[in-house]
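Below sits a lone chain in structure tokens, taken as the form predicted alone.
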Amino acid sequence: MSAADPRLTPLVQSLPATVPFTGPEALERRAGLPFRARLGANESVFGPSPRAIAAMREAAAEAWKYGDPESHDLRAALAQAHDIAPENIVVGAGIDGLLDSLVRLTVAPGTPVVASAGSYPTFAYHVAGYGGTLVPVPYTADHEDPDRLIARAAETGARLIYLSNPDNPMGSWHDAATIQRMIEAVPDHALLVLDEAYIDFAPPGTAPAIDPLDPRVIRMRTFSKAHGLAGARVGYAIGQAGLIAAFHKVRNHFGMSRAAQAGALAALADPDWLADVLARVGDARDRITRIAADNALTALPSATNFVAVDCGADGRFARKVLDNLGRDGVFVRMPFVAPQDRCIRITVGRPEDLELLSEALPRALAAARHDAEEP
């Protein structure tokens, strides 16, 4: 065992060298084969708007320039879209980058924060990176539990309360009235981090009205999902102006490339493409539900671009199903924490992707059941 590097802080020395998700590219390198269907990363296989592609292609010619450190034009367009002031919006390198900045702003070593056990792991990754103490709260009936999250925050004096609506990894959601009650119940010492990465896919009435004057909540959204720009890394946060201004103390001011800003701006101006993607996502969710039923499995209701499929046993069995699918060239993921880990999580895909899934899933299940029967 090698000695710790004395140049690293004690906190960093205590952390594992890891990332919240192993990328599909790394999995392909390990297997020595490419995936035939990429249905695990909640990307949009339908791609970005052609207008966004054209705008990014044009901006590429000016890659010698730094991106606008204020993301002025994009913030102005977002402000108009949400009927708020640009001062209530900060743009960052996806929700992941914004979470990093927010945790840096609010969490010191030992600071408690509250999140659902098994929810989006990048939040916990950043909390650990700044020395915070994560207080986990169990899911209730495959939903994050607003009442329990608020109660634990009050008990522990938590600085942040993290909740995604719709939820990753289960695809479940709460209605706007439930989320608004949660906002109103946030303790004075806390801030609700409302991750709305999948809000474009959710039914009407899922998101409460945006109140940019409310200091109890910061809302985070992204161009990675419905807009198909995961590789461009564009997210934004909406919050009270004073909190948003604090981001400028710590954020990477040149973290947004010109091409990414141009692509997001063009995507925002193409509602017809977004509507088409949402329709295809709905069709694909229905197809995954039918594939699950054809294999005597249960697909959970979803308000996202993925479907959690209950494999009917425990996490060990679901992991075997997932591994078997991967060996068959179909990349999916699964929740990390029981009892949600009885499921695999399947991102929506094109008809040809889901046809591969429909062919591979019976084989994956049969092999997993055979292994389970062996003494």
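Keep in mind it's a predicted model, so treat the numbers as computed, not measured. Residue indices: 1-based, along the sequence shown.
FYI, the form predicted together with a further copy of the same chain isn't displayed, but the following is about it.
**OP:** Could you spot which one of L297, A230, L300, V135 gets a heavy atom to within 4.5 Å of a further copy of the same chain in the model of the complex?
**Re:** So the residue touching a further copy of the same chain in the model of the complex, by this definition, is A230.
Subject >> Candidate from T289, T156, T206, T106 lying within 4.5 Å of a further copy of the same chain in the model of the complex - any heavy atom >> reply: Of T289, T156, T206, T106, the residue with a heavy atom within 4.5 Å of a further copy of the same chain in the model of the complex is T106.
**OP:** Spell it out for me: taking a further copy of the same chain in the model of the complex, does every residue among D145, G326 and E373 have a heavy atom no farther than 4.5 Å from it?
**Re:** Heavy-atom distance to a further copy of the same chain in the model of the complex: none of the three under 4.5 Å.
Subject >> Residue stretch of 83-91, 146-154, 124-132, 172-180 approaching a further copy of the same chain in the model of the complex, non-hydrogen atom distance within 4.5 Å >> reply: Only one stretch qualifies here: 124-132.
Original post:
Just to confirm, Q340 within 4.5 Å of a further copy of the same chain in the model of the complex by heavy atoms?
Top reply: No.
**OP:** Examine A31 and determine whether its closest non-hydrogen atom to a further copy of the same chain in the model of the complex is within 4.5 angstroms.
**Re:** Flag for A31 set to no.
Original post:
Heavy atoms within 4.5 Å of a further copy of the same chain in the model of the complex: does T140 have any?
Top reply: No.
**OP:** Classify D96 as contacting or not contacting a further copy of the same chain in the model of the complex by the rule of any non-hydrogen atom within 4.5 angstroms, answering yes or no.
**Re:** The answer is yes: D96 has a heavy atom within 4.5 Å of a further copy of the same chain.
Original post:
Are there residues in 24-50 with a heavy atom within 4.5 Å of a further copy of the same chain in the model of the complex, and which are they, in order?
Top reply: Contacts from 24-50: E25, A26, R29, R38, A41, E43, S44, V45, G47, P48.
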